[in-house]
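Both blocks below hold the same protein chain, though in two forms, and each is given as structure tokens: structure 1 and structure 2.
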Structure 1
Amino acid sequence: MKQRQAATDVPEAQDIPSIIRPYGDTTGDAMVQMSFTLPVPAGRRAEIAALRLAGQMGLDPASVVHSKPMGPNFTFFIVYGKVNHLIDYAGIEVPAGREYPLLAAKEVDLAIRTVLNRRLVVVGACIGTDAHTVGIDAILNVKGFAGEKGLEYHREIQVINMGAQVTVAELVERAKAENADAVLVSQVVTQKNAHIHNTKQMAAAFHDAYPTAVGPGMGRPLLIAGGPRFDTVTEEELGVDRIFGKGTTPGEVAAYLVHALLPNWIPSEPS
């Protein structure tokens, strides 16, 4: 699962120009490289088609630096060319950073124990035909990711990892049976926007199956979606409460669970 919200930005060098263009061979030459596949047999006509496409996309001049047949009727291209676009780098507004603090594992467990007086229940799965469990396992399994232990490491979190290729109906049924406080869904396969379709279907099913209120003992579980390609949609569009993208760590998810489900908990000041 991946990190959508911005973390603290790395300080930038002071000599960055305000207007920028791509870099290929030399600074400011505006050269870019892109790849694509056309549904045509390899050959000179296919290369001309690739160059025309590149021209319509604003690359002028452009050249085909690599082409390879992908079966009898498809050709893969790499095209190199010059663009005429400039970017107002100084005018870019950076999204607001994370709206909740990161917490140590002991703080997460203390918050759950203090407010809930029971274990917080998390159900996770890869839904649809998605069989890629690396993301969901990185967040849920005790071994974790990027040096951080997964949610299973927390004594106050009960984790139910349903694995891959779970149907939406199965996920809803299990969440109800476990009285889940949160549901984590990972989607890696993105062909034909399958990740968006599956997540919307999942969210709609939970909204239909539960009251609208969210929170421990109040209604439907918190819905969290994660994957590398959710950067084109918002939580509102998907019907979920949070989206995490690539690079998300278990600690970020754990802290978010406290922030969203236990909003009245206040961390104690260090002594």
Structure 2
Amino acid sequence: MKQRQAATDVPEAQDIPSIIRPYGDTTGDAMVQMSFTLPVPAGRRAEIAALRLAGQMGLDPASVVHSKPMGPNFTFFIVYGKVNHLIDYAGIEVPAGREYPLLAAKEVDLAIRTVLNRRLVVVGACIGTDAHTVGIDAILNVKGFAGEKGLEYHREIQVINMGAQVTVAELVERAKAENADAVLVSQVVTQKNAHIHNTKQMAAAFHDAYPTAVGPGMGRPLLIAGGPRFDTVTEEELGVDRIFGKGTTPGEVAAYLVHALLPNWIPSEPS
């Protein structure tokens, strides 16, 4: 079977300029659209305030193309303008992308059987008061996501899906009881940064619960967080080993488990 490409993104043409700007309809025009609300009554003064904000954001010139009073104390604005920032595109390191190859389902099972010689145990949950299970179910349950079967489908992976609204204490306890190799938590509600607080709290609890651990798979389970809006934080900030975002497929997670927990495994047909 032909393995899918491990590298990231589309191949890029050589002729992309190294410094870029936004594009409206002409190269270099640097035009962008913005909308926001200011907590002030509509009127000329509010418009000036909107333009000041646009100015601070680097829009010059900026045009208020729409402003709408929303009750006596708020005004909604739509602004178009030219940003005076340059983006050093050449300077953006081509992101490493997936640092491991995708593996066929059979390959994953073979790796676990060969290296571990027992089933790999994963415990999953939506923690905190989050009840959005569709995402974690997509990863764990047989049904899967985007045409790929979930982790349950693997003979060699034992999945314990604790469902929604699981407390951190319950999760730690279960992970210990099951001797979990990996713990997968999902966070979808982000209001007031709930997802970040909950995940940090979870990570801290695991680090406390396994005080002698050397690393993931070495004295403590691998910690994985997933959800659609983790794009503003890094693994280090959360204290987890890996974050998975929007559109993650089960196969990506399975391959990561092998990569992170069975680092010595060499796929029979690398990709």
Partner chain sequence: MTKLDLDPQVVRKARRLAERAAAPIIEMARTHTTVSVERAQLRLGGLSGADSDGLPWVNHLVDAVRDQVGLEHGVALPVWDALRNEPYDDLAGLARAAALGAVTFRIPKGSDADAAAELARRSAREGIGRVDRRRAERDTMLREVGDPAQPWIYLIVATGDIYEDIPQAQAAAREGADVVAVIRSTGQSLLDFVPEGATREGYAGTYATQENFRLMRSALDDVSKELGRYVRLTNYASGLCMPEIATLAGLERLDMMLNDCMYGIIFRDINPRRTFIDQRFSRQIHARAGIVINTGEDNYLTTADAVDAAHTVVVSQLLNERFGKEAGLTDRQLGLGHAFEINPAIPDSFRLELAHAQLVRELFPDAPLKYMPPTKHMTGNVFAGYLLDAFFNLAGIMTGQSIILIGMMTEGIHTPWLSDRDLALENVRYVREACGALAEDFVPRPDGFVVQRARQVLSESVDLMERICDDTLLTAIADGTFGVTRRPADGGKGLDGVIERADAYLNPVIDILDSEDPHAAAGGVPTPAGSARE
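If you superpose the two forms and keep the largest set of C-alpha atoms that fall within 1.5 Å, you have the rigid core. Residue numbering: structure 1 sequence, from 1. Computed from a predicted model, the values in this text were never measured in an experiment.
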Practice task
Determine, for this pair of isolated chain forms, which one is the form predicted on its own.
Solution key: 1
Practice task
Inspect the rigid-core superposition and answer whether the C-alpha of Glu235 shifts by 2 angstroms or more between structure 1 and structure 2.
Solution key: no
Practice task
Determine, after fitting the two forms on their core, whether Gly245 shows a C-alpha shift of 2 Å or more between structure 1 and structure 2.
Solution key: no
Handout entry: CA of Leu116, rigid core aligned, shift of 2 Å or more between structure 1 and structure 2
Key = no
Exercise for the section: Can you read me the CA shift for His66 between structure 1 and structure 2, rigid core superposed, in Å? Expected result: 9.1
